[in-house]
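A single chain comes next, written as structure tokens; it is the form predicted alone.
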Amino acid sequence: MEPVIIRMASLCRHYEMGEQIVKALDSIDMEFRRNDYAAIMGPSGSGKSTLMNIIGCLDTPTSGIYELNGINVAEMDDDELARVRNREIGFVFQTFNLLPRMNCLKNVELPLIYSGVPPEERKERAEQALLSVGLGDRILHKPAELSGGQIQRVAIARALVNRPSIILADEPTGNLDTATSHDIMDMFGKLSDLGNTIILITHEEDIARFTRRIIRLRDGRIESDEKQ
């Protein structure tokens, strides 16, 4: 059995809205293992974005435990959290978030600049990441010269370039047509087979069916957690 990458126990995230307390997440118990491929689903307000933010170390729980690779995230300081976000977690967003004036290679190199990787190694690793997503012939193209699916592949390459153990994807196919969406999901499946833990948010049932596990949230609680 693969090792546990993420462990949550009695995890809660509450917000104060005036005199009212909103329970965005309420007593979540969950684990993700190496090479899990999971979709998080739920209606608006179910807590899925809050859960994704906590997994990505962009937010912290009000109470409970969140362990990442065996380390309690609550015990990390801001610098340690920033290092974890940059090295352990790759983010893929619906809106791609590429810099339009930079070519693909430079966009993919960005996380390595923040990590202090030397220029020659940056270039080599960025090229390898782009090759791994099938864009070896588009390295010097700018985002405006690519299709929507190719742009998302660049975003995935950027998420991969620091060799993270976890990839978090927020509606990664939301701006893509059906055929391109299925290609992207197939790619995530292959990355999972290579050892990455892939966790994505989606509201589309046909997209969720590409994964091997579907977690459904409702009112901040786990409604179901099923492997498929």
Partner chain sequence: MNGNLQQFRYETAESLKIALFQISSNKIRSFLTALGVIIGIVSITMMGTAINGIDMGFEKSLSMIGYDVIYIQKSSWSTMGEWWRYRNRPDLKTEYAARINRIIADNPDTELLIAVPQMSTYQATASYKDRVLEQIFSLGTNHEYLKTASGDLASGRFFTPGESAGSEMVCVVGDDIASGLFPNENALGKSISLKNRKFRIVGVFKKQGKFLGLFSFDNQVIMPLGAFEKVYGRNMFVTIRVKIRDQARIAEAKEELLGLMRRIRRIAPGKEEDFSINEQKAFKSQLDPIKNGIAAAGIFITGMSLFVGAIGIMNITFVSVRERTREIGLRKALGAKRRTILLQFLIESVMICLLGGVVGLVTALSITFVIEKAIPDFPVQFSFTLVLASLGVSVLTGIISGLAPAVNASKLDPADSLRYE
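What you see is a predicted model; the values in this text were computed from it and never measured. For the two forms, the rigid core is made up of the largest set of C-alpha atoms that agree within 1.5 Å on superposition. Residue numbers count along the first chain shown, from 1.
Not pictured, yet referred to below: the form predicted in complex with its partner chain.
Engineer: So which stretch, 128 to 136, 97 to 105, 146 to 154, 67 to 75, is the one near its partner chain in the predicted bound form (non-hydrogen atoms, 4.5 Å)?
Structural biologist: Only one stretch passes the 4.5 Å heavy-atom test: 97 to 105.
Engineer: Might N53 be said to contact its partner chain in the predicted bound form, defining contact as any heavy atom within 4.5 Å?
Structural biologist: Although its partner chain is absent here, N53 would touch it in the predicted bound form, with heavy atoms inside 4.5 Å.
Engineer: Does D29 make contact with its partner chain in the predicted bound form, using a 4.5 Å heavy atom cut-off?
Structural biologist: No, D29 sits far enough from its partner chain in the predicted bound form that none of its heavy atoms falls within 4.5 Å.
Engineer: In the predicted bound form, is there a heavy atom of its partner chain that lies within 4.5 Å of any heavy atom of D59, even though the partner is absent here?
Structural biologist: D59 belongs to the contact set for its partner chain.
Engineer: Although its partner chain is absent from this view, report whether R87 comes within 4.5 Å of it in the predicted bound form, heavy atoms only.
Structural biologist: Yes, R87 lies within 4.5 Å of its partner chain in the predicted bound form.
Engineer: Within 4.5 Å of its partner chain in the predicted bound form, which residues of 37 to 51 have a heavy atom? Give them in sequence order, or say none.
Structural biologist: The stretch does not touch the partner at all.
Engineer: Fitting the rigid core first, would the Cα of L99 be found 2 Å or more away between this form and the one not shown?
Structural biologist: It does, since the L99 C-alpha is displaced 2 Å or more between this form and the one not shown after the core fit.
Engineer: T50 and Q94: do their C-alpha atoms lie closer or farther in the predicted bound form than in the form you see, with a change of 3 Å or more?
Structural biologist: Distance between the C-alphas of T50 and Q94: shorter in the predicted bound form, by 3 Å or more.
Engineer: Given that the shift is 3 Å or more, do the Cα atoms of Q94 and K48 end up closer or farther apart in the predicted bound form than in this form?
Structural biologist: Closer, not farther.
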